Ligand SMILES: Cc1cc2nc3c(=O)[nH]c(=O)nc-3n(C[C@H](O)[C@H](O)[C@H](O)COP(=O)(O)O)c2cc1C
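The chain that follows stands alone, in the form predicted on its own, written as structure tokens.
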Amino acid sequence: MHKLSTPITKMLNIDVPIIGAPMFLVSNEDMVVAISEAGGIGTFPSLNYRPTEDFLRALKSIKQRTSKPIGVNIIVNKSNLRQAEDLKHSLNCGVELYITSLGNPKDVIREAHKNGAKVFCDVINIEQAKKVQDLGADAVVAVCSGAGGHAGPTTPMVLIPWLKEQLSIPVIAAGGIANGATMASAFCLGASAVHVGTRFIASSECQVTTNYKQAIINSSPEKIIFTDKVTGTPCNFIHTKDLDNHKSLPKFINRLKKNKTLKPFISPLLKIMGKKAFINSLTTQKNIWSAGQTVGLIHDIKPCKDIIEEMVTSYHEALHKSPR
């Protein structure tokens, strides 16, 4: 497999600029190890393992199975009461990359840099991007429209070059990446790496239900619905009858969110309620599945290693096919 050198591969000492996106209740030990061993970097949310003792066991297991760099996603808002403890465990285990979401990453950046680790921060606009750059972030993850999970409102065709133009740190493309052609387009726009989630759901290492994987394969971009009814924050899901029938969070909560005095208390509550609803929907086998618009480009289930090798091969093919 050809190596691809970018500022991100050099920063993380990896072979290819492919990050296995940390997916809530989806990413697992096998996926992290397989993606890192294949030359990319596997990551997972610390909150995928509950309680925190299970997270520590997972970390130690991953570190025993691969000597390659790995990453941990830490939610950095007040609703995550575990963030300090999870960060401590991650630092003690020598985690090389931290991806922060939904809050202020200053503590993670400070502590990670003491360990020589890198911090990438999810952003959806230039305001967020400049804030985390000023705090010392090593790169930003540009979460664009069409991404699985919590997506931003802006197309990657605009957001990536806009951030690239305005920032001095690397930009990572998230949303719309599933094969070599889409990866090549992200690099042409100015990205230094790609953040891939939905494609890795349809992998042999992923432990979601067979129905979930088949839904990925059978869906199309038109079947992806952007809604806040499941988690309380707008997310992309595959359109199913169970999604239609899922009860939204009470409307009065959204009204309370607009109150400046109550918002700091209501927002964390909303996230907690939404997470519990989402966890319940999965554990009861309801057909509520998060995914990005790349479902239309995914046609099979295969090992993470093969997915990465295929992406790199088709990336080079796409470059040769492009007009000169």
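A residue's number is simply how far along the shown sequence it sits, counting from 1. Everything numeric here is computed off the predicted structure, so don't read it as measured data.
This next part talks about the form predicted in complex with the ligand, which is not shown.
- Residues G39, G71 and D138 are none of them found to lie within 4.5 Å of the ligand in the predicted bound form, as judged by heavy atom distances.
- Residues with any non-hydrogen atom within 4.5 angstroms of the ligand in the predicted bound form fall in just one of 223-231, 123-131, 147-155, 84-92: 147-155.
- Among the residues S185, T240, S101, S219, the one placing a heavy atom within 4.5 Å of the ligand in the predicted bound form is S101.
- The partner is absent here; in the predicted bound form, the one residue of I109, I201, L159, L97 having a heavy atom within 4.5 Å of the ligand is I201.
- By the criterion of a heavy atom within 4.5 Å, P170 is excluded from the residues contacting the ligand in the predicted bound form.
- At the 4.5 Å threshold, heavy atoms of I177 reach the ligand in the predicted bound form.
- With a 4.5 Å cutoff on heavy atoms, A191 does not count as touching the ligand in the predicted bound form; it lies far away.
- Not displayed here, the ligand is approached by V26 to within 4.5 Å at the level of heavy atoms in the predicted bound form.
- Along 286-306, a non-hydrogen atom within 4.5 Å of the ligand in the predicted bound form is carried by S290, A291, G292, T294, in order along the sequence.
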